[in-house]
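Quick heads-up: it's one chain on its own, the form predicted on its own, in structure tokens.
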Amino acid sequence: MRYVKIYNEKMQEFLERLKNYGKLYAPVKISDKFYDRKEIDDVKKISFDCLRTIMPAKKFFIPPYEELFEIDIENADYKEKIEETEPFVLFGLHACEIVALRILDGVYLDEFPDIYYANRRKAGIIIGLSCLPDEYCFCNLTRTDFVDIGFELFLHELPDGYLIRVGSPKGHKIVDENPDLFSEVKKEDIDAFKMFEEKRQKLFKYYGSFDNIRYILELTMKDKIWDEEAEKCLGCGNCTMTCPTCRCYDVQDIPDIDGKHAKRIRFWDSCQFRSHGLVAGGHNFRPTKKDRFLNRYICKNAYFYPLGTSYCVGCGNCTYFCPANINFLENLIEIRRGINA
């Protein structure tokens, strides 16, 4: 892997030049508590200390709402709405978010690729950024706290700048086309990088392995904790909407009022909605709130074989954004009873 350094005084110019490669999106503060990833006009507004955005990076590749087909009902014909996606840059993705995109790749770019997702993925340029965990983070338990592929550039904080790992041909191109911005990595930079990584590891609240959690969940589906925690749940779907790997969607055909034309739309759905498990004839595969609540825990902790990790990347979004204060990680710890605190 190629390594370069950028000094703090050149970061603003670096961010400005990223706009040459596509629309720049980065975290900005939108309230006292929340951040979101917005298109950037003034790079001074970018929040480098943001740990989580109210909408995960998946929205740039799987929009909350999109039109798939235009349907001509009279002629029994349809036309796919496939548009070429303009290049865009996502700045400030953390390691867990990048792993989340790789999980989505495994779903949408398998033997039957989703062309809508593929077009956006091809257009996206990923710039990673190091972070320090808070009390909600447990990416160390899911082994997603460090990422080796899936980005163009990954910036690691140094006292006077950033050590940059170059992770793709696009990343090499950015570095090669802007040589005045980057410097050689020195020994003191390597030492500072090691110190930052050691500091980051010590800030995690819990340590251990969650490799066996999926089995424990299957064996404890009748535990009283699921009744108690499901009772708190509002069924709002916040946990799934803010999750970087949740990917459930619904598809509907919407006819125009003249009955001659229609459109097929795809939009985000949630396993926490009662309608999600409802099928023709009125049967519901998950009729109770407890069924839906438990399903999410089992689904998120299922094993994703291509990456050797679970579908949960340990970001803590579901807990942070839950209006009922349901703590995803503490429930897992309680059901396991054995992790080292």
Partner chain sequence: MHENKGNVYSLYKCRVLRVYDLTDDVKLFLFRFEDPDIAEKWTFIPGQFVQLSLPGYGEVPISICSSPMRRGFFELCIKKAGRVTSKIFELKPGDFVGVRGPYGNGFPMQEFEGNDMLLIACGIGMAPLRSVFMYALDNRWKFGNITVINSAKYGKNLLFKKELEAMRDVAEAENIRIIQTVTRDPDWPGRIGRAQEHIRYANTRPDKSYVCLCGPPQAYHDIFTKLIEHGYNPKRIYVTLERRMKCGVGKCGHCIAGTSTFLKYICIDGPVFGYYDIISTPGLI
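Note that this is a predicted model, so its numbers are computed, not measured. Positions refer to the first chain, counted from 1.
Same protein, other form: the form predicted in complex with the partner chain, not shown, and the subject of what follows.
Looking at the partner chain in the predicted complex, residues 73, 115 and 218 each place a heavy atom within 4.5 Å of it. Stretch-level contact check against the partner chain in the predicted complex with heavy atoms at 4.5 Å: of 255 to 263, 89 to 97, 151 to 159, 225 to 233, the positive one is 255 to 263. Only one of 198, 184, 180, 77 comes within 4.5 Å of the partner chain in the predicted complex through a heavy atom, and that residue is 77. In the predicted complex, the partner chain lies farther than 4.5 Å from every heavy atom of residue 308. Residue 134 falls outside the set of residues with a heavy atom inside 4.5 Å of the partner chain in the predicted complex. In the predicted complex, residue 108 approaches the partner chain with a heavy atom inside 4.5 Å. The partner chain is not drawn, but in the predicted complex it has a heavy atom within 4.5 Å of residue 276. Contacts to the partner chain in the predicted complex (heavy atom within 4.5 Å) from stretch 237 to 273: 247, 248, 249, 250, 251, 253, 255, 262, 264, 266, 269.
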